[in-house]
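One chain comes next, on its own, written as structure tokens: the form predicted alone.
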Amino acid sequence: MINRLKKLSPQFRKILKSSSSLANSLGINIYLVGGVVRDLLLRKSVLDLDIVVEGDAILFAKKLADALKSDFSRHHSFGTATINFNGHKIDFATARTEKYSHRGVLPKVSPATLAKDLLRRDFTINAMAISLNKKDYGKLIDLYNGLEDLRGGLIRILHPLSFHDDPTRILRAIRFEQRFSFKIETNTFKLLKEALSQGYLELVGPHRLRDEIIIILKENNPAKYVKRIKKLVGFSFIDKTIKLDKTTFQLFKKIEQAILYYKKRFKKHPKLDTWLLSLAAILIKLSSQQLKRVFHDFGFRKRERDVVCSIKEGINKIKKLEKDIKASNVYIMLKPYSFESIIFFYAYYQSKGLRKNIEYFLQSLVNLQLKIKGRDLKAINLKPETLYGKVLRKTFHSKIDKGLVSKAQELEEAKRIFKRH
């Protein structure tokens, strides 16, 4: 595995070497674990590191952060800490075992050996480690045949009560199955179906389910993940009335095309939170009241709620853009919406007129501004000043409709509007 470690970025290699040296000086053992090991074996890019410490991970991470002069944060309840080094995130955790008091809740943890730490993980492919210790640096530690399952393309739980302990693993099994084009191992699939039939997923707190949903919707081509969830699980764990059909997945395809269009044509515009468009596609048929309840129960952030709710509330209003309307009215209609909402509308409607208006807004109107301000109106002694806001707004609309270019043209238009008021 040493050759695989050499493929990591220079910053990551420095962190691993520094960690190894520190561990050696302290007389403790540390290991690279989890998804990073899996991705190294699959020759995929690595964005974050997870390191397990057979000892006090918080103390270890603090000493390393001091040596690297990096940001450091700790999470006492789970014996974990995080270092941010040159834009890279490294998580440190005390090797631990977990005990679940009942289904769906977060576990109680206690210090343990690496073997027990790996055994508590979700699937065999995520239960491998690489030694970072001086005596066997780079050695693969595979106690549960994860490498064999990785080569065989299998998603396999480590023990029969895995879904009982943590039902969110049902969604994770689907995520890894679809991400890597793997297959859920036969007995694992049987236990997954049993867990579903006994309603395990509905026992999980909605905030934990929300986190799993967001991760899934951030994957490439989220539609295939959603389709698999629909087939195996359904979405009643969000709302019992959610029914995804052929039109839903047609909309997913249109959303994907609209996102690609936006990225290609409008590179200077803000980056989209594309997963919100997928979430809106799943929830769009719920009533406004149902939407508010889902967002409240699952604890989505304010902006996330606002984007999806604005799509729901605006979907019929935006249909007016199919008509031949003034350019200023295009601006008035679209300006209140986020870029995510606008691209959702672009995907939802196929009307050439509507799409042309959205394209025009994104291309020519979204960043348009007046050259004149209130002080310019004051300089030419226009009174009363209480009308400035209204006059400037109307002048801006005239700028759009009449194609005003210069500051002088805007000022003349403002005078004309002022006289009318």
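Keep in mind that what you see is a predicted model, and the values were worked out from it rather than measured. Heads up: residue numbers just count along the shown sequence, starting at 1.
What comes next is about the form predicted together with adenosine-5'-triphosphate, which is not displayed.
- Looking at 287 to 295, 199 to 207, 246 to 254, 173 to 181, the stretch with residues near adenosine-5'-triphosphate in the predicted bound form, meaning non-hydrogen atoms within 4.5 angstroms, turns out to be 173 to 181.
- Checked against adenosine-5'-triphosphate in the predicted bound form, the residues Glu340, Glu185, Asp149, Asp122 give one hit for a heavy atom within 4.5 Å, which is Asp122.
- Proximity to adenosine-5'-triphosphate in the predicted bound form, defined as a heavy atom within 4.5 Å, holds among Asp50, Glu359, Asp376, Glu54 only for Asp50.
- Among residues of the shown chain, Asn84 is not one whose heavy atoms approach adenosine-5'-triphosphate to within 4.5 Å in the predicted bound form.
- Contact annotation: Thr274 falls outside 4.5 Å of adenosine-5'-triphosphate in the predicted bound form, judged by heavy atom distances.
- Taking the partner from elsewhere, Ser310 is found to have every heavy atom lying beyond 4.5 Å of adenosine-5'-triphosphate in the predicted bound form.
- Within 4.5 Å of some heavy atom of adenosine-5'-triphosphate in the predicted bound form lies at least one heavy atom of Asn126.
- Highlighted residues Pro222, Lys224 and Glu304: none comes within 4.5 Å of adenosine-5'-triphosphate in the predicted bound form, counting any heavy atom.
- In the predicted bound form, the residues of 19 to 46 lying within 4.5 Å of adenosine-5'-triphosphate by at least one heavy atom are, in order, Gly34, Gly35, Arg38, Asp39.
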